[in-house]
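Below sits a lone chain in structure tokens, taken as the form predicted alone.
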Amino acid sequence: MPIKGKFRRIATEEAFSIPEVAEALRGIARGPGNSIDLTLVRNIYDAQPGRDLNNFLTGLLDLEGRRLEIMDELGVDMHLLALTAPGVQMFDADTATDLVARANDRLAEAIARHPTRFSGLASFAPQSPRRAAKEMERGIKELKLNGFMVNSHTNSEYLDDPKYWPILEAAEALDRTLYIHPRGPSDGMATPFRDYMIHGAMWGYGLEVATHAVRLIVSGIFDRFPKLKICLGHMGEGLHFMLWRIYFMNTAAQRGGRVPKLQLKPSDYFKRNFVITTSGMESDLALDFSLKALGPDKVLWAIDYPYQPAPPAVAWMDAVQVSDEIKHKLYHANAERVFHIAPEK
């Protein structure tokens, strides 16, 4: 049982995998390719003895052993689980569709065994948008999962492309939040990220997802799908810091007829259609800015297990100097609302 504390702790970006996906990614790691994601994939799924120093793969595959022990030790009540990046988005459409169904089934089974400890985000294969929409519907209506996870671009394409609109339509119709998780920069932007290890969580991941989100905003997607809900991790990938400049420049481009006309300001869409999590960004200054820029209903706590260590993530949020009312929202109330998680009885 979790250690009971003052607040229910729901961590909202917690990764897992299944052996079938891991084995398929091992095959990708051993094959040819120039995707910048291969750095991560090879280091985790085809690591030489002693190379996987952080034991990420062990942490991803172990759902009900050490993970639960760590949760108990730290008083973390629940993990919102999602299939880890790059998910199934490096496979062909048929392979991806098969694997994602297995992963969603396995996730639902784990939640059924531990309904007070796990909730989950359904994955899907964007390579086949209409089959993806069907799997999204199955994930919510049959498997009773809590939302969706996508690992940003697919084949260096983004969700503002009309071919992917069935996915956005399904997310809106099912009234579930779509978490856009990072992966390596798409092929067209990858070159300057290949040096100095800046392709990943240090820099490239955040810029890639922020770019995806900006494309959605300025393309007019949220005029077409006004009830679509998007979640961004890592303190919003820093996007809300740039909203004034995005508005200023986008307005000029709209006047010149070079980009779609928008019904609202970019900042209005961000405040209406987005929420963010703190995953891997334990910064008092960043949190303070986020609360002031977006409001306390838009920020959710997360660990980013197993990629980020859990103890400091808990210690940081426990120590954050905000009111109990706001901490209540950060730790669990916002997660319960955004991801349709039943409140604690």
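Each residue number is its position in the shown sequence, starting from 1. Predicted model only: the values in this text are computed from it and were never measured.
Another form, the form predicted together with 4-hydroxy-3-methoxybenzoate (VNL), is not on view; read the next lines as being about it.
**Student:** Exactly one stretch in 121 to 129, 78 to 86, 171 to 179, 94 to 102 has heavy atoms within 4.5 Å of 4-hydroxy-3-methoxybenzoate (VNL) in the predicted complex; which is it?
**Tutor:** The contacting stretch is 78 to 86.
**Student:** Under a 4.5 Å heavy atom criterion, is Y205 part of the interface with 4-hydroxy-3-methoxybenzoate (VNL) in the predicted complex?
**Tutor:** Because a heavy atom of Y205 falls inside 4.5 Å of 4-hydroxy-3-methoxybenzoate (VNL) in the predicted complex, the answer is yes.
**Student:** Taking the shortest heavy atom distance, is V259 within 4.5 Å of 4-hydroxy-3-methoxybenzoate (VNL) in the predicted complex?
**Tutor:** Residue-level check for V259: no, no contact with 4-hydroxy-3-methoxybenzoate (VNL).
**Student:** Classify I198 as contacting or not contacting 4-hydroxy-3-methoxybenzoate (VNL) in the predicted complex by the rule of any non-hydrogen atom within 4.5 angstroms, answering yes or no.
**Tutor:** Answer no; every heavy atom of I198 is more than 4.5 Å from 4-hydroxy-3-methoxybenzoate (VNL) in the predicted complex.
**Student:** So in the predicted complex, does any heavy atom of E282 sit within 4.5 Å of 4-hydroxy-3-methoxybenzoate (VNL)?
**Tutor:** Heavy-atom contact with 4-hydroxy-3-methoxybenzoate (VNL) at 4.5 Å: absent for E282.
**Student:** Spell it out for me: taking 4-hydroxy-3-methoxybenzoate (VNL) in the predicted complex, does every residue among E135, L145 and F339 have a heavy atom no farther than 4.5 Å from it?
**Tutor:** Not one of the three qualifies.
**Student:** Using a 4.5 Å cut on heavy atoms, which of I70, L294, L40, L57 is close to 4-hydroxy-3-methoxybenzoate (VNL) in the predicted complex?
**Tutor:** The residue in contact is L40.
**Student:** Using the arrangement in the predicted complex, list in sequence order the residues of 300 to 316 with any heavy atom within 4.5 angstroms of 4-hydroxy-3-methoxybenzoate (VNL).
**Tutor:** D304, Y307 sit within 4.5 Å of the partner.
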